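Below sits a lone chain in structure tokens, taken as the form predicted alone.
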């Protein structure tokens, strides 16, 4: 992967990254500093194939850790900063990294987990580039002999929620990352003249393997923001040509009086993904700015799969067509038989972007693939007469809130364990800011007085913030089918307007 990046690098003085605070990193700096960083990884005992776990705040240095892993032949494992220590303990035990890099503020707690899990080294990295990692980097050489890697060697682990309530690690290869970056760069017409406004986190596919890799493959530049802030984004739009975001970005921009055609006149492309974009958001944004948001579709295990066209109609409520080189079929979930126009089935795909499998889960991996090599996504969709793909829902009740995957069973387990709760069902409901709002529907025990506030307080610290319910509703009973299974579709229908804006 890094050899592919290096081959596309522009002149060394070309700007790769700037920050609103005045930081500037050229492509020449990228080569030198990633070499130092790779040297630091090796000095910490990291060898080819070893995992490097990173749970830190977004910073230019965090991006260099990713590139250093590619150069050292290590497997990059970015972890959501919202994960609690309990969740981090699981990841360290499952992935068995050689090195964990964390925020300075929690260094003692993470070091204790590292010792418990047999992790060799624990280093720190702060949001301003401070920490023991950078102290070690400063002592390294500016030259580094990149470790040769084959296309099917592992480049990264990304954890994705599982229906058992435990996350599973998707193993991504160098070819997976390189093929997807190349096709997106070409499909979305990125060139060295582009400036991407980067306001996404970099611990999952969208912010790292879509946004950052596309910039690198195009030899483009990016304005690197610590987080999304509507005021800041609008102020910087005249300096940018593209923005990649989640639906929340666009709803918040629409709430800002400064969003106008004039404010977006310099922009070439707005991309949305990681959660469903409401058709009304798509239409409202086009009316205010004259720009049609380009919605795309992907997942942790595959990178990007489909996209609305760069040239041609971007239809609200659809994710467009399969990307070049990727075979997509809508199939019967039981037989795998390909379905016809407007028939609803499960999305299955095959291509160079499809991951190698789940870490240490051969049976789970085998179960997710058809005999002909097609990966079964579990996402339910249809394809219309023009070939556009419409996502209908998710077969496994996955909730996507703010671009993050949430599986209900994990939250249900925590709620069901609370005194005064008989049972709960967690669903996703349409939310104007988050795409879907995590919502719990629960049954109280007889004579129990537990209320919504008490449930939410009990969950605080037990789960990452994005997994915690936005609301907890109480009912006398949960709807069930003849087999006793809770019918979540009926709950979604019953409470579908819970987060509707007043007058909306």
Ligand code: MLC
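Because the structure is predicted, anything quoted here is derived from the model rather than measured. Positions refer to the first chain, counted from 1.
Note that the form predicted in complex with the ligand isn't included here; everything after this is about it.
Novice: Looking at the partner-bound form in the predicted complex, is residue 149 within 4.5 Å of the ligand by any heavy atom?
Specialist: Answer no; every heavy atom of residue 149 is more than 4.5 Å from the ligand in the predicted complex.
Novice: Is there any non-hydrogen atom of residue 266 lying within 4.5 Å of the ligand in the predicted complex?
Specialist: Contact with the ligand, no.
Novice: Within 4.5 Å, heavy atoms only: does residue 227 come near the ligand in the predicted complex?
Specialist: Looking in the predicted complex, residue contacts with the ligand include residue 227, since a heavy atom lies within 4.5 Å.
Novice: Verify the contact flag for residue 383: yes if a non-hydrogen atom of it lies within 4.5 Å of a non-hydrogen atom of the ligand in the predicted complex, no if not.
Specialist: Heavy-atom contact with the ligand at 4.5 Å: absent for residue 383.
Novice: Tell me which of 403-411, 176-184, 361-369, 284-292 has residues with heavy atoms within 4.5 angstroms of the ligand in the predicted complex?
Specialist: Within 4.5 Å of the partner lies stretch 403-411.
Novice: Just to be sure I understand the contacts: of 462, 444, 36, 470, which is the one whose heavy atoms reach within 4.5 angstroms of the ligand in the predicted complex?
Specialist: Among 462, 444, 36, 470, a heavy atom within 4.5 Å of the ligand in the predicted complex occurs only for 470.
Novice: Please tell me which of 110, 125, 421, 246 lies within 4.5 Å of the ligand in the predicted complex, judged by heavy atoms.
Specialist: By the 4.5 Å criterion, the partner-contacting residue is 246.
Novice: Heavy atom within 4.5 Å of the ligand in the predicted complex: which residues of 171-201 qualify?
Specialist: The stretch touches the partner through 200, 201.
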